[in-house]
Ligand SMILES: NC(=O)c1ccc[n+]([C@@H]2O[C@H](COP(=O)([O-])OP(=O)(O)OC[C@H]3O[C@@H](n4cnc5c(N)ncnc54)[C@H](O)[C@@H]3O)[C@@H](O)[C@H]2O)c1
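First, one chain by itself: the form predicted on its own, in structure tokens.
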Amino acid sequence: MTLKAGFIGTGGISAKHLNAMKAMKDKVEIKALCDVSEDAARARAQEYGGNVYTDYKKMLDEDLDIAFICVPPDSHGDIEVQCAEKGLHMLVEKPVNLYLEDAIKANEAIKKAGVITSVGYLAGYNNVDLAVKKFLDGKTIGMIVSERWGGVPGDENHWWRVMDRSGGMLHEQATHQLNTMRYYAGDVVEVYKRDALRINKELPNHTVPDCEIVTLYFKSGAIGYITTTCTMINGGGWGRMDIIVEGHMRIQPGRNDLKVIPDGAADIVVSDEPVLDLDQSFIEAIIIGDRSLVIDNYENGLKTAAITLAANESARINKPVSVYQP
């Protein structure tokens, strides 16, 4: 079975998925590439093959099975609805939308179509996450906290710098950390956010907050917070996550390792067996018809986006805000 793939958006993140599909050429054919910049799409086509489009609706007239949607947050919505109506399985890059109402409509169209979806989150596609998740199952989490401190992507013309296009660092980048927090601790039902723009004010075309703090209340009763900054433009960025769990211990999951504090408080065994990654899981789920291989489908992506959109609204009105629950 060879799946025919189309790509909507051929910017930086698309290369990861294009390379993954190229590595699975026995299972996937890259059939079409679409971008508002014809030059960008054509450059990708020269490397990966496929017909070039600047209008995704015209691209959808091709004989396709799957669509990779790799567009900025403000460009999602109609694309997912159109793909669902065409019966296409979708891998949607995060965050799934900048507008909650549009994401809800897309989710309804996807459920109606019955297609398989995946969102570009990485939680659960590695042995550390799987081991920690298994250890936490049935245990009481008191608190989970995270930081994501980094710089500003792109130049002064990049869409990321504009709040009305990206939704800010919390929504567009730290969505990864929030999704991982959800993976470990469950759904978030209320948020309260404060933010500021104090350090990056001299950067051209920069309207996103450069510092954010969000408190989180989970459905389980656990509490948490996340902080972000994009002021580290000269280097010095860092990130962390800590989980306070029953047994009076602290778990620090990392990308490739984990710590349990104090030493010896628990023995969490991390397997060295290979696991399917995000792209492999999506393709295998379609080929064998097993949705359980996908950790975050579109509805889960909507749940994470709803947290950050509620947080941005909270900062605007300076009050706690309830998080939409699909």
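When you see a residue number, it is the position in the sequence shown, counting from 1. Predicted, not measured: the structure shown is a model, and the values here were computed from it.
This next part talks about the form predicted together with the named molecule, which is not shown.
Student: In the predicted bound form, do 177, 215 and 304 all reach within 4.5 Å of the named molecule through at least one heavy atom apiece?
Tutor: No, because 177, 215 and 304 lack any heavy atom that approaches the named molecule to within 4.5 Å in the predicted bound form.
Student: Could you spot which one of 197, 136, 71, 81 gets a heavy atom to within 4.5 Å of the named molecule in the predicted bound form?
Tutor: Selected residue: 71.
Student: Is there a heavy atom of residue 94 lying 4.5 Å or less from a heavy atom of the named molecule in the predicted bound form?
Tutor: Yes, contact at 4.5 Å.
Student: Residue 37 versus the named molecule, in the predicted bound form: is there a non-hydrogen atom within 4.5 Å?
Tutor: Output for residue 37 is yes: heavy atoms within 4.5 Å of the named molecule.
Student: Do residue 183 and the named molecule come within 4.5 Å of each other in the predicted bound form, heavy atoms counted?
Tutor: Answer no; every heavy atom of residue 183 is more than 4.5 Å from the named molecule in the predicted bound form.
Student: Residue-level contact is defined here as any heavy atom of the residue lying within 4.5 Å of the named molecule in the predicted bound form; does residue 224 satisfy this criterion?
Tutor: Contact with the named molecule, no.
Student: Thinking of the named molecule in the predicted bound form, which stretch from 71-79, 189-197, 124-132, 249-257 has heavy atoms inside 4.5 Å of it?
Tutor: Going by heavy atoms within 4.5 Å, the stretch is 71-79.
Student: Residue by residue through 113-133, which ones have a non-hydrogen atom no more than 4.5 angstroms from the named molecule in the predicted bound form?
Tutor: The one in contact is 120.
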